[in-house]
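The chain below stands alone and is given as structure tokens, in the form predicted alone.
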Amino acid sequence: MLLISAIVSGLAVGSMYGLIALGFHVTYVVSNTVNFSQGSSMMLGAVLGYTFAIKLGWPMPLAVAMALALCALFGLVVERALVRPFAERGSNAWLMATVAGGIVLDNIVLFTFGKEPRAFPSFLAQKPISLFGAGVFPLQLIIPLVGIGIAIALHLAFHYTRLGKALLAVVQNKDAARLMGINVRRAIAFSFALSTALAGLAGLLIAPLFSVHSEMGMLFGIKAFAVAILGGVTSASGVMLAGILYGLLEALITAYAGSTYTQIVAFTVVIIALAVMPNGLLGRAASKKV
């Protein structure tokens, strides 16, 4: 019974890590940059969803749609103000700029929303159901399906659609992409909007299983970046697979050894895995032109 509960919990949390990490994947394969405020974007989705659905009493579908739209807007702001000015000059200062942007957002939410954790009602039945003798929440079974479905959709979109191929062309050669009629700036901006929307979706999905507060995104963002590297940031499938494996590892360690050892053992395993597979589970080494 304990094993089943740990597996279900690990699949749900791991899929959430994977969703946030897919945001790192999207921006990297399009612009060769990442948004280190992804954890804050995840927190923003949960806080906005709570504000619209609980405080303002909006219907849940409308609250979710508005929360995701505003998360996407935040991604556009990050790209325009914190990434583009530096990336176009060949500077890597966007690394620190996106970190700072996340910290600013965290503190804005802290002063406006408050630090106290808030309970977010589940989208589905709030009573657990029995699965092989263990009580699990329906949402814990839905989150992995959503995460895996989005990972598959991204893989298919990038490799088998005209838009996806156009986005991938941007990172390979911006000048050639412009000559082919691709709006490079718009493509990169779209990737950041999609990236933060995915993080916001992760926040909305996981909020009913955790409490909503202004500091909830920091650790999740760090773990999601570790997952992105572990899975191979160039592979959507690898990123989601790594997220699920990491979530399962965390849950099993917590269940059988206690939460005290969770972060120590989990991150140690990540370090060892990257030492053995430096390109990640399904990632590929970058080719160099000589």
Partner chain sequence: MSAASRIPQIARRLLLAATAVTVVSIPAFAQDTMKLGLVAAMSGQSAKSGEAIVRGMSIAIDEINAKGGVLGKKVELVVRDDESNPAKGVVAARELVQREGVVGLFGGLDTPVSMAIVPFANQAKVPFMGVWAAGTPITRNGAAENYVFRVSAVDVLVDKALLAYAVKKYNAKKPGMILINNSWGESNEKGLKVALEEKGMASVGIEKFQDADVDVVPQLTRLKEAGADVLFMVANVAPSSQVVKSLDRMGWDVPIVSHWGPAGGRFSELAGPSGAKVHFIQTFSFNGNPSPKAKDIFAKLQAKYPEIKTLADVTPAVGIANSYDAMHLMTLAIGKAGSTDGSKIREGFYAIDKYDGLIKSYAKPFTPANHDALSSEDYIFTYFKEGQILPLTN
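Residue numbers count along the first chain shown, from 1. Just so we're clear, the structure is a prediction, and the values are computed from it rather than from any experiment.
This protein has a second form, the form predicted in complex with its partner chain, left out of what is shown; the following refers to that one.
- Shown without its partner, this chain lists A251, V29, M66, L245 as candidates; in the predicted complex, only A251 has a non-hydrogen atom within 4.5 angstroms of its partner chain.
- Considering its partner chain in the predicted complex, the lone stretch of 67-75, 145-153, 195-203, 107-115 in range is 107-115 [heavy atom distance within 4.5 Å].
- Contact with its partner chain in the predicted complex, defined as a heavy atom within 4.5 Å, is made by none of S15, P61 and L141.
- Looking at L241, you'd find every heavy atom of it more than 4.5 angstroms from its partner chain in the predicted complex.
- Within this chain, L56 is remote from the site of its partner chain in the predicted complex, having no heavy atom within 4.5 Å.
- A residue is said to contact a partner when one of its heavy atoms sits within 4.5 Å of a partner heavy atom; F190 fails this definition for its partner chain in the predicted complex, lying far away.
- Looking at S122, you'd find every heavy atom of it more than 4.5 angstroms from its partner chain in the predicted complex.
- Although its partner chain is not shown here, in the predicted complex the stretch 203-227 places heavy atoms of I206, P208, L209, F210, S211, H213, E215, L219, F220 within 4.5 Å of it, in sequence order.
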